[in-house]
Every structure is written in C-alpha cells, then in structure tokens.
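Before any questions on binding or motion, here is one chain by itself as structure tokens, the form predicted on its own.
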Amino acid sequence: MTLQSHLEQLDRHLTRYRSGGILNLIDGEDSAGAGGVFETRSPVDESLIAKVARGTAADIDRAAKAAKAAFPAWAALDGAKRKAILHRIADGIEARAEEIALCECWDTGQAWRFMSKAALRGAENFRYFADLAPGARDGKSLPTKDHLNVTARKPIGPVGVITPWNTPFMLSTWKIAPALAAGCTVVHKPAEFSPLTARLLAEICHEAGLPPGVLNLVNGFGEDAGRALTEHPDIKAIAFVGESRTGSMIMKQGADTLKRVHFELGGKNPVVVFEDADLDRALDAVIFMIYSLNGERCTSSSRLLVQETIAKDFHARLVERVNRISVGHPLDPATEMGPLIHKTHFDKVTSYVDIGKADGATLAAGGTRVGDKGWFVRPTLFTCATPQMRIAQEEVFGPFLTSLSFSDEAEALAIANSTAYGLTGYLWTQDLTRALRFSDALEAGMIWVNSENVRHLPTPFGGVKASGIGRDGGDWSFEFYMEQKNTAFALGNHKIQRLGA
C-alpha cells in the first residue's frame, strides 16, 4: 500500500461523516448533541474531518438512564450468549480493521505502521474477554467446620468509560470488552480530540447484535459531558485513562455518589541500562519505547538512566539513531513518527524544550518543528540532565527523552524512584540477581527486564503512586466491574449464644 492509495481509501470512509457528522448513539439510536456540535480536525494539516455532536448533561442523563434500563436483561443474559455477541463484535472489528486504522491515523496523527495492528489488537481484546464471559461470575467454595461459604460475583451495574486520544480504539476495547463480558452496561465518553473510531466501535457493536442501551456513546468535553458522567447517580463506576490531575478531579466528582474508580494515569517511566546489558538490544528498546506512537503513550520510557561508564558511547549511538527517525505523513508506510495530536499538545511538548535548556540540560537532538503545516516535531533528546530538573520529573507525553547517568545500582534505584509516578519500569542487565533485586525495589506497577513493553492480556496492567488505581487484564478487570458476594450456609446446629434466655 502507498500513501496515495491510503488517502483514496480514507476519503471513501470519511464521506458519510463529512456529510452527516459524527453522532452520539443513545439507546441504540443516533442522536444529535444537546450542546450543538464541535469540530474534529486532522493534526496532519488541520483540515476538517467532521462535525461532532456535542453532548451535555442532558445527553449523559439520557444515556445513563438507557444503560440503567438495559442492565437487568443484559446482566441476566446467559454468559454463553454474551460470549457469542462479543465474538461477533471481534469479527466486525476484523472486517473493518483497515477502515479503523486509516481513520485513527488521520484523527490522531499516529503512524500507519503501528495503527494497522491496533485494530486487530482490539479484536483480540474482545475475543479474550468473550471467552471469559461464561465463567466471569464463578466463585469459590470456602468451607469451615460449621459453615459452607460460597462466593459469587455480580456485575456492578451501568458504568462510565472515559478514554484518551493517544490510541483511542485499542484503549476503548480494553475497557469496554471486559465490562460487557461481566454483564455491565456502558456509557462511553471518548476524548474530544479523537472521536472518530469510538463511533466506529459503537456501530460495530450494535451491528453485531448488542441490545439497545447496553453500549451508549456520548461525545463532548470533560467539563460538561465528562463531569455529568462522573457525577450521575445511575453510574456505579468510572473507568478512566488519562492525566493524573484529571483522575484526581474525577475522584472528587464521584465522591458524593460513592463511585468506584479505576484509573490508568500518567507516567515518567525509567529505562535503566547497566554496563553489562546487551547494548544493541537496549538501544533498540530505548528508542522504540519513547519515539513509537509519537511518544504519546503512558508506558513510554521517557527517562533514560544509563551507567556512566558507558554513557558517552551509548549517547553517541542514540543521537545518530534519533536523528534518522522518519517524521512524516502518518499514512505513509515509511513514516515512523507522525504529528502530535493537536496544537494545544504541540505547544505543551515544545515548551519543554525551553524548560530543558533553562534547567541546564543539553539538547542533543531534535526539539524543532517540522514544516509549517500540521503539528510535526523532531524527536527530541536531552542529555546531562539531573533528577531534580522538570524534564526529569514531569510527564511530557511526547517524543521527548531525558537522559541521566548513574554510578551504581543504589544511585540508579534512587533516581528511578524519585518521581511522583509509578506506572512502568524497564531494566537492562545480564545480572540475574541484580534484576531480581532492582525490580523488587522499583516503585512501578509493571516492569520489563531486557524487553520493551510486551502486553500479555491475562497479566495485571496498572500503576502505583500517581500513576493509577486498580488493574486491567484478565480476572483483574472483572474485579473492578463486578461485586463480590459471600453466602454462608450452616452445616448443622452449631452453638449460638443465647442472650436474655
């Protein structure tokens, strides 16, 4: 496939949205937003993609009530039947995978080489949780001498899912698939910067036979639609992916209705390279985990900690590779890095170049805009940083790597743990005992040793400290979307104290 052929196919896919806009989907019906419309534009050239229904508290109320009304029947549906519907959704995703990928690239600026696989990964998510649906409510038998305790799980009820703009389709499936498999109904509020593929997912779900009201889509802004969702009394839980500061706001907004929350938040993740590491593989992983997906990923290794004995040579090789990264049109198969999502985010990311310089770090690569149209930036590298610098402490969420050096294991661990975040960590060493010690002491919810981020769906995904609350993946997802119940059956006439007899 070529850039031109991708553009021609994209044009065909977008025709109906250009004419009819991107509508909400509430109780199985298309719906205009009570707040009018807003525009979604491509970060490639700022061209208009479509007008989007702007949901308000009134739209959220309708969606929440639809989800509440649909919940009893969906929760009561046999798990095998929910499994069949979720597999049909996966079939629909696979059938439209190319359309999803093209739209995602155009709406977010992500490169085709990564998004071409993201839709298929979304289908995998649905298949995985579909297969778990029949046994999702299974419990345990916990006997004692006098009682038989039997546990069971029940879906919590209608839930709100708020997803981000960086890889929106795949992240939506991570949240929505287990919620549906558990028997919950959903109100989905996607990020306003990237609404296109959320609409595609909603269409696919309903075409696969998902009953009306089980999945509702309301587009809009955080301050109105988002807040209304987090405060709505019919919504029992909120699953959110985004900034730590926004997660704090959502927790406050849901406090009055005692909402359960699941947060996947920010990160300032370290990749620690010791002198005994396989430096060729480490270099590949360092580059991939910060510059792929335009650096707009929560698990990016945005802090490089490299042992001082190898720092000079490692940095020289790193600079050479970073300067060769291909920045260009996201639908060009040769592109390795596309534009940042929006001018607002472009301004934030590029502001850290001045911050890094002011702090005294060395700008070793990038830091400049590419072209005069769209939000393209050169992949950026700062070296000679210190742990207290803002570029070593704050999440930039872009193609922006800060490198620090360390002398020994103790110093590396102190630097690695010195931020407010704790999502992931990456460790490169051939010393097994060091790997065990270091990973045990590293403050992070997920750690990869001698590897980049390779996600396995049954494993727990989430962070500690300011990086989140709760875990996605496998049975951990069901723990969030379901309530635990215990029933104790007396096995005989055990002694009961008699008061007042």
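Note that the structure is predicted; figures quoted are calculated from it, not measured. One rule holds for the numbers: they count along the sequence shown, beginning at 1.
The following text describes the form predicted together with a small molecule, which does not appear among the structures shown.
Using a 4.5 Å cutoff between non-hydrogen atoms, E336 does not count as a contact of the small molecule in the predicted bound form. Contact check for N166: a heavy atom falls within 4.5 Å of the small molecule in the predicted bound form. Within 4.5 Å of any heavy atom of the small molecule in the predicted bound form lies no heavy atom of L363. In the predicted bound form, at least one heavy atom of G222 sits within 4.5 Å of the small molecule. Shown here without its partner, the chain carries I162, R227 and M249, all of which come within 4.5 Å of the small molecule in the predicted bound form through at least one heavy atom. Partner contacts here mean any heavy atom within 4.5 Å of the small molecule in the predicted bound form, and among 138-146, 109-117, 78-86, 214-222 they occur only in 214-222. Residue G267 is the only one of G425, P158, G267, P399 with a heavy atom lying within 4.5 Å of the small molecule in the predicted bound form. Comment: the small molecule is not present in this chain, but in the predicted bound form one of F240, W375, F126, F382 has a heavy atom within 4.5 Å of it, namely F240.
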